[in-house]
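Shown here is one chain on its own, the form predicted on its own, set out as structure tokens.
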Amino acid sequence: MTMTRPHPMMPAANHDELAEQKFVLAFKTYVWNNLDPLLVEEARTTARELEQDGTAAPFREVRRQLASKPVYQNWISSMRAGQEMMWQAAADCVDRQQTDLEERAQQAPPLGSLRVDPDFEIPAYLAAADTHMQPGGYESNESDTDVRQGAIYDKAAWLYSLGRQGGELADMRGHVVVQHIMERFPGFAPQRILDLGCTVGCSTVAVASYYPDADFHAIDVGAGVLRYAHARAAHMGAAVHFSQQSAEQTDFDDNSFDLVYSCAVLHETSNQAVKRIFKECHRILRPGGLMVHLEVPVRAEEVDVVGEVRGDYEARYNNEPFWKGIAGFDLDELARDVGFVEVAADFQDAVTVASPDAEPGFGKPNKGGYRSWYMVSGKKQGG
């Protein structure tokens, strides 16, 4: 990690802030490399002890037993503490230069556009808790020029993933989406694209780099993250039209996009919201257009007790209440039910750059977080 910035909107860390961020990185790395293996062993041992005649005990009983074990207590408290320190480290850096960041946003090149809605109603599943424990969630907004939530998210993103998601740009998921399209639909060249749930545009800018002539749109629920996303994209040379909308019901016309996609958004919603999002994708896509959703590589049918423990942490302590819900959702069946054809859902190998000449990575075994992603895609009939 250096004191250089990957793009002009990224908050620059001074010496003390850099030290704080390095400590958070070291702490989270220690938890992953040292405490997590102990947690894995303890969870599996506890599950074996509770088996009866070869039948696994309900997870609630495993969790009850684990709750009294020091290894589990240390792991879960350290996981939570790491998240809290991460957001605080990012906020310390952002708050020192918030005025400068707002001015930098105002000075961004005149590319794309920004549309926020002062009457926008935050979906209940997001308003109920601060997603990922980011204080204020994605939706906090204090003024007509506020970019604080976006700047904090961008500064913390690489710490969250320990740099495994494309370094400080945290743009791996966008490259994976394009790689998936290249493999499943060779030669597809969308002219109008929509990114659902873009936050600060990490994946947005990555996808836009492959389709520079496309009319590119991106939506999210937070005005502050969208202001930051628009300035970030413009400073990076990407002309993207950002607007504050819900992916469940947009104001775009029927049959108006060639490609609609999302990156790790569905697990932030709800059971009913996912169904509405798929229907909305079908409505706004042109005949022959593609829907692509990238999700965390966790599927209920292959989760063991360790996966149950980690999912329980995400749902209970990291404000990801739909984590287990999306893992058990039959997304390919839903895609077919709303009218998509040529539907496929499986794991996709992670890439940092998409290429039509790369070895195919869709349909490969799940390699785990940041090495694989779960993909579902389909085409609107016609065209």
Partner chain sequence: MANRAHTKSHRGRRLVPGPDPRVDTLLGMVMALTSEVSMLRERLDAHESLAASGKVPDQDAVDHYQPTEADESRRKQYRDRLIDKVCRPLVASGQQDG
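Being a predicted model, the structure only gives us computed values, none of them experimental. Residue numbers count along the first chain shown, from 1.
What comes next is about the form predicted in complex with the partner chain, which is not displayed.
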For the three residues 121, 224 and 329, verify that every one has a non-hydrogen atom within 4.5 Å of the partner chain in the predicted bound form; reply yes or no.
no
(message) Whether residue 38 contacts the partner chain in the predicted bound form should be assessed with a 4.5 Å heavy atom distance threshold; does it?
(response) yes
- Query: Is there a non-hydrogen atom of residue 316 within 4.5 angstroms of a non-hydrogen atom of the partner chain in the predicted bound form?
  - Reply: yes
Practice task
Tell me, yes or no, whether residue 139 is in contact with the partner chain in the predicted bound form, where a contact means a heavy atom of each within 4.5 Å.
Solution key: yes
In the predicted bound form, residue 148 touching the partner chain (heavy atom, 4.5 Å): yes
In the predicted bound form, the residue from 67, 341, 56, 353 with a non-hydrogen atom within 4.5 Å of the partner chain is 67
The one residue among 303, 76, 108, 214 placing a heavy atom within 4.5 Å of the partner chain in the predicted bound form is 76
Which of 84 to 92, 280 to 288, 230 to 238, 244 to 252 lies within 4.5 Å of the partner chain in the predicted bound form, heavy atoms considered? The stretch 84 to 92
